[in-house]
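In the form predicted alone, a lone chain appears below as structure tokens.
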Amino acid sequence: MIFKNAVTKVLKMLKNITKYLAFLLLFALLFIAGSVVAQDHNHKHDKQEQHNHDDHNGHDHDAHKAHDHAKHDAKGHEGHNHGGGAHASGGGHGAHGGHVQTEEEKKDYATTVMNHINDANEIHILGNFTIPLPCILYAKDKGLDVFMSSKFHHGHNSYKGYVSYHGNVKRVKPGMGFPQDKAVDVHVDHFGKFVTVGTKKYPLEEASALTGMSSWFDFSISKAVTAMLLASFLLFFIFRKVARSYQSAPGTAPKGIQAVFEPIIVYLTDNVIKPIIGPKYIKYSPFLLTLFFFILTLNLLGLIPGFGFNATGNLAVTLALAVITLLVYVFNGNKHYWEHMLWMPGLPFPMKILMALIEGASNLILKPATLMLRLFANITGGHIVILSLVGLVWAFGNFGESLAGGLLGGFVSTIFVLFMNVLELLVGFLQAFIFMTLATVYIAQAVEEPHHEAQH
């Protein structure tokens, strides 16, 4: 009977999955089509760039040749012509603004991957299509500036002394004479260390952070912040609807979205939180369940193609979640917890000092660090693997030179990316569960009451 029920559930699950085969096929077709567009775009860009060079050089050569017959000898013409050609070529690139990639930079796909998973002040969808985000920047010498990231025109322009490199805002070091009152065409170098305007090069500086202070601060609504706000709103409306379902039909069988979340909540409460924490589980269940669903939602948002949400792959986000968990179990720790951490009973005096150092480091540093690094490493690693597989499109297509290779790469990478997305879906659930379980254990250790041996 049990085996029959299991088979029935599996068949039902497979039947539901078949409903989404059309979406999987659509995703595969879009991915391959995207690879074709990418290859074609790169091919056209290279041809256009070569055409611009030829036009500039040819035009300058003809014009200067006429001028040369009138005033200069052949030797002078030759030297001036090469200089003019180089200048015209540089001017042509400057007119377009932004960063002009060299062949080495085009093939540096590792940098492209890291720039995609890093946080940014815009949401890059495809090509030059981006969703701008608010930039809230404060400089010590000039005050607050608030504007949309679209002011940078995909990194081609500066705005109020700031530039954008792969969606990350940087400031030109003050006192260098860089235009502050107008937007100018800029060229940011490959590593985002300098910006060039015409023939002048200006150094750039990062926003102030824990790793170093500079002349300005970045309080912008970045991709990670957008993902967290979106996750918060989604969870608020979902659980608000679930709560209303319980209020409107108490005691009835769950249905709709209520039927999806009730088994998860019951399972986590009855099989994880209650057995580990004990009688006080009701007090901490809201926090722990919120932690689970919030991390899970962020993990799932990170799997949406094109948007690049990678909030849980951001150390700042996982650090914040770990610190919040630390504050919960530290401030709720009882006398028994603090006594065993700072002054272990029953040990000699020297051992008490040693154990206090070990226990203090374990509870206040190592436990939050494990929460932070485990979530960050697993999510980031999965995204790097997926994006590396996407890179097969450019590898097979010889970085835009072979359309047939790009098609083959698109087909191969689609298969592997679909598999990895399914795997990452499982990892997203698993990492949310592990984070919540470890937080539950840490809280349980802090609120556990001492066990007294029975007196005989």
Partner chain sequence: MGAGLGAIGAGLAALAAGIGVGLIGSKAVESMARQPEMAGTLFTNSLVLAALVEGAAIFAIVVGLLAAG
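Note that the structure is predicted; figures quoted are calculated from it, not measured. Residue numbers count along the first chain shown, from 1.
One more form of this protein should be noted, the form predicted together with its partner chain, which is absent from this view; the next part is about it.
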With the distance limit set at 4.5 angstroms and only heavy atoms considered, check whether 276, 370 and 378 all reach its partner chain in the model of the complex. yes
Option touching its partner chain, based on a heavy atom within 4.5 Å in the model of the complex, out of 304, 366, 351, 249: 366
Among the candidate residues 338, 236, 267, 219, which is the single one with a non-hydrogen atom no more than 4.5 Å from its partner chain in the model of the complex? 267
Taking heavy atoms only, is residue 434 within 4.5 angstroms of its partner chain in the model of the complex? yes
Spell out, yes or no, whether the shortest heavy atom distance between residue 332 and its partner chain in the model of the complex is within 4.5 Å. no
How about residue 446 - does it come within 4.5 Å of its partner chain in the model of the complex, if we only consider non-hydrogen atoms? no
Does residue 374 reach its partner chain in the model of the complex if we count a contact as any heavy atom within 4.5 Å? yes
